[in-house]
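Same protein, same chain, two forms; see structure 1 and structure 2 below, as structure tokens.
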Structure 1
């Protein structure tokens, strides 16, 4: 433990003398303030603060000295003298005194009106959109160059990211898909049972999981799990200036960090979707078998109703969703600003942006498939 400072208080006909000894840091200054304050009620016109035996003084100690001066003046002490202070300590005290005497009222931001606030937010949104599009173009060009020169891709990191984003995500994807298939089967079985057509629940589960729910649920899970992780990783590197260090060393941060993540996410998302489709159908199978139908009837119904173009249409979505998930997380991480909450904000923005883009592109695919008759 650091030794706490102490002081000696004496009084003569010329005034009071406070001699401080030890280290004046934050803890020591707080202790001295509590101990010295009662001594100021001596009604002495003069006060001498002797700092000859002070072995350490930082900004907290300098603030204590300035605060003590003001406190003494408020108690009627006319003359306050600081003696035997070291030169470096004197400069620090003068610096703190100058800062405390400055008027910072002109630095308070002006309160904007309603129109100005909305205009500023709209301007910030336009700038952010422009920056997002710029990063998208840069990533697209880096991907094209990487595919033209595949040996330059960091395959070791790509496989590592694929393992963390894919293999480690299997349990949560399996659980959510299984529950979705189970709930859908139960809900669909209620009206189907009125017509004695419970077996046709298999058609609903098969087509819904393969075309829509399998890709969509997998993408949303990866948006919350992988996109946020990418944003946090790259955002932390941005704050620690590791990305600037890569640039100084002549390495392209986009090719070094973002391309492996996009490739891994693009490959792993369709594989997870296939697994999610199977788990969703398994959840529906449990409901159908509980109603007395054999599992082979459920299987034959799905095989006869779900076509290969339905399966291919869902997988095409997955490739696009994988690109969106990884690119959004990396871009939001790349846009991280300085500050204690910057990484958290980038992570939140990455998840929100990824989910919005997934929903938007899912709607676009639905329109395209409808127009093509798929």
Structure 2
């Protein structure tokens, strides 16, 4: 083990001498830096740095020597001489000195002002929106062409995506919808019991699940599960140049990758929603039956209260949500830049954008249904 560095400070009429000994690596240099700098206030015009007993010196040690030289100059020392330095160490010190003398100012990135930063962000956001709209147009065109030529759709991929995004999502959709139905029924049953109207909880559960919560909960689960998966898959393909490979083969990546995902998502979202509706109502049924009502009363109440147009309204929303979930995931994946965090950023943006769009379109549908009297 090399010895820890130390120094000896002496002063005579010719000037000061700092004799360093030991290992001058990053750890040693930082330790020495703290100890030596207070000694520089010596008002001596000459300083000798004696490195005879330095047993090891690396780039950190060489940088320390150069820093010490500059520090001494700034404290009024006129002449600094380094003595007894070994040849190989001397080369290293000279190398560090040369780097210091070079001007790297043109390589330092310009620091943007607050206004410039905000302006750049705004301009980037505008560009991104333009890109998003352009991809939306491209996808719409590809979908229209695919429906005109259904044989050209990659059905194998479509079924595979439908299985992964749909069938595999059944347990999580079931669990969440069941719990939502159960909790909602409990919360509603308590105040309604005061009026002896517990059975009307069935109406609440039925209408809420079919019109709003079923489609919304399913869409949010799929946004978190499938939209992020699509963004990650396509983003990784983008980084691995697989999308470029498709393009130069003359294959349209939108038709090849995005169309099957959108078709699969559009088909499975309504199916999952029907399942979610049933599970939510099952949750409500458990509460109602636990209050002593027969299950047939619960069923009759729902059937008499929930109309077919409520059910259809919910399903129409799901088709749109399905398109939004897949398109957002695919577009965000397609926009992936290079870099280690790029895919992570794309998946996050896919989920956030999908959820915002789902909420926005849910609001739009509510207004439309209100105007239509549905």
Partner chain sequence: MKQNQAAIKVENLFAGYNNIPVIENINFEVLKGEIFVIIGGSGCGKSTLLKHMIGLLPPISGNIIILGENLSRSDRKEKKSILQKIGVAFQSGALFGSMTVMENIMLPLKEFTSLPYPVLEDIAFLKLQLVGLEKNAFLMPDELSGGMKKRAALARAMALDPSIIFLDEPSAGLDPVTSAGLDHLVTDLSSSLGITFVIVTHELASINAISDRIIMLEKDAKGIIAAGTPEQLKNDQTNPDAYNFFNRTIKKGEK
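Just so you know, these numbers come straight off a predicted model, no measurement behind them. Numbering follows the first chain given and starts at 1. Throughout, rigid core stands for the largest set of C-alpha atoms superposing within 1.5 Å between the two forms.
J.: Pick one: which structure is the form predicted alone?
T.: That would be structure 1, which is the form predicted alone.
J.: Rigid core superposed, CA of residue 243 - does it shift 2 Å or more between structures 1 and 2?
T.: Not so; residue 243 is displaced by less than 2 Å.
J.: Is residue 71 displaced by at least 2 Å at its C-alpha between structures 1 and 2 when the rigid core is overlaid?
T.: It does shift by 2 Å or more.
J.: Superposing on the rigid core, does the Cα of residue 314 end up 2 Å or more away between structures 1 and 2?
T.: Moves: no, less than 2 Å.
J.: On a rigid core superposition, how far has the CA of residue 57 moved between structures 1 and 2, in Å, if you could check?
T.: Once the two forms are fitted on their core, the shift reads 20.5 Å.
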